[in-house]
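In what follows, one protein chain appears twice in different forms, each by itself as structure tokens: structure 1 and structure 2.
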Structure 1
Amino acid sequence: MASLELKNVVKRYKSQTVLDNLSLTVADGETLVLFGPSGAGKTVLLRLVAGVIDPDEGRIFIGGEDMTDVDAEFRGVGMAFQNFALFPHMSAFDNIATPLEAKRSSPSAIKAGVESVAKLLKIAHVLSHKPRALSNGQKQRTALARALVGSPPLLLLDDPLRNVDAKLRFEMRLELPRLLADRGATVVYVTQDYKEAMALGDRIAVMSQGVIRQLGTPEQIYREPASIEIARLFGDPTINLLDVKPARDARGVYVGLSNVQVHLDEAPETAIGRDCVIGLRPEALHFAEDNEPGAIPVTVEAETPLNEKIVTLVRTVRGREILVSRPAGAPGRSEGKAHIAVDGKSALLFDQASGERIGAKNVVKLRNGEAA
């Protein structure tokens, strides 16, 4: 087994608390993505698990065994660091081979293992080169290959595609899940790219200021963000956020947008009469005819084609800007007066003061690392 459990882990640097009473469990064979802005504590968490640094408080269990005081080389962990950490005097082949040599594998097994993972990561042609002759992307893939080649039961990956070019990054998003599944490893993967997080993670832990703010599947995080802060982190173009005060009539709960009553399906009753922020994903909006129920009058300000989709900036009667996204080729207005409509099931309501989502369901939300 290679399950991972952190219990009430605290890490401080002088007066700064980097990880604040953080608890987390990763199941055997699961890929958990740590996602959040720079400085959230993601890399520090990986280094604690790897044994590179020690926690000030709390315990770390790997495969059910307490590894808090066990040296890094005895934890059975593979790690690809963000800063490569390659031996400069060794070729890419020898760098990748170090975990296999530590296991005293045969020369033929080492050669086969290195060449196999190098082919997958498209660096077979630079195996004889030393790090100084490699591009940053090649160095990153060499470090990733070294972490993968020994098939460790627990794999820690610190933004391993950060310096890879866009084409290869896209390809690796498709290849890595299969690669990791084939090896059967438990994976903790750090990234600041929300698309990468959603493509690779069985679950995503959203971190901020040393605390896990939300933990859930990619779909949960995107469709049911626990707060405005998290909603902003996922989606391109970003979510529309507008101040509203929900009310109720015979048809149900509604909000006013451009002097139009827009009814929201399944809106929580607790939102009625409160100062709220409505969150509208650009793809949850569409251009509509003026006689469509809930059609909102707007003025089209600008249109940006983005290959597979078109993003339109519109302005409401009250002067509020809204982004509308539609698939390329779908009908829409590029200028002048228009109307848009809201998918009421996709609308999100947040408390204006706290930023927390109102009526959150099926979301594992953590406060100081523990279930709230």
Structure 2
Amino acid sequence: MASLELKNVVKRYKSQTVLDNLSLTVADGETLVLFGPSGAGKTVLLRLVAGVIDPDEGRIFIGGEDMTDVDAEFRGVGMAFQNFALFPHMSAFDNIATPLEAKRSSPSAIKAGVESVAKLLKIAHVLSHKPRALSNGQKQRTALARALVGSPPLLLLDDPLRNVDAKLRFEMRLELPRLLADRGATVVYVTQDYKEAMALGDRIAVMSQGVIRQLGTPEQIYREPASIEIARLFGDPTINLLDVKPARDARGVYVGLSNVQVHLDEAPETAIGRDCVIGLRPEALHFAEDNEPGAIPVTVEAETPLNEKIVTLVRTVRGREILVSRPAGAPGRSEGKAHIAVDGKSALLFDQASGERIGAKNVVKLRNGEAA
């Protein structure tokens, strides 16, 4: 068993508090992603768990055991670093072998262990090379192999894909789940890339300024972000945010978007009459027929394809910019006047002052409104 628990952990550097009374539980076998901008305290948290730095306050439990005062070498965790941290004077083989040597495994056991993990990571052919003779991708795989080789019950991965190019990063992102699942280890994975976070995490902890702002499944974070700040961190293109003031008429709650009343289903009562921000994901908007009810007239500014999507920047009659994204091949306009409509389901309402999402009900349903 290797669950991980942090209780009221505080870490300060000089006068700056980098982790502020942080508590967190990671279940056995779970992959938890720590996501957030640089300086959020993600790496510090990982190092505290690894035992290479000490917390100022709080306790750290690994597998139910209090490890706060235990030295790093006795915690039995595996860690991969953002900058790889390979030992430059040792071959890839010797690099990977170091955790096994620490366990005083026999030479034959070391050889077998290193070779099997190297095969899994497709670096068996470069084991005799020194780090400087390895490509970036091979370095990264070597670092990962070193973290995995001792089959540690707790794996700490500090943004391991950051320093490899886009193609390798993509490849590794698809390869990692199987590698991790095979090991059955508990994983704490640090990243600044929301796609990695969503792809790899059973749960994601969104951090900023030393505090966990939201903890949930990728689905919860994406569909029910706790605040505007979090909603903006997930999704490419970024979520559209427009100031609105929800009101009520005979047909229910509506918001005015460019002189069009868009009615919302299940809109929280508390939002009515308040200064709000509505969050509309670009993929939740589509190009509509001109006479479709609730369609908003816009002018197309530019079309910018993005991977298998087409992202269109449009401007409403009030001059507000909106990004609309659609799968390549779906109907759309590339210039001139057009109409867009909201797909429903995923519209989010935030309080304008605090930035927090309004309403206990997480998902606001939209009903097609009629043009005003």
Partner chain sequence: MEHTSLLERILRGVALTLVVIFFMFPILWIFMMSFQTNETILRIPPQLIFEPTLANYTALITGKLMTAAGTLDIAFMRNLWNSVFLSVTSVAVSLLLGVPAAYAFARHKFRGSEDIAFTLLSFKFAPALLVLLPLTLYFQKLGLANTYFGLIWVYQLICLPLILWIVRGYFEDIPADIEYAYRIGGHSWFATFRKIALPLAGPGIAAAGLLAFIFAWNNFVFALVLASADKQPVTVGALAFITSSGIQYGQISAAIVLSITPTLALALYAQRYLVEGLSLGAVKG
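Predicted model only: the values in this text are computed from it and were never measured. Residue numbering: sequential along structure 1, first residue numbered 1. By rigid core we mean the largest C-alpha set that fits within 1.5 Å across both forms.
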Looking at the two shown chains, say which is the form predicted on its own. 1
Superpose on the rigid core, then tell me if the C-alpha of residue 125 is displaced by 2 angstroms or more between the two structures. yes
Taking 2 Å as the cut-off, check whether the CA of residue 279 shifts that much or more between the two structures after a rigid core fit. no
Rigid core superposed: residue 72 CA moves 2 Å or more between the two structures: no
Quick one: how many Å does the C-alpha of residue 112 shift between the two structures once the rigid core is superposed? 2.8
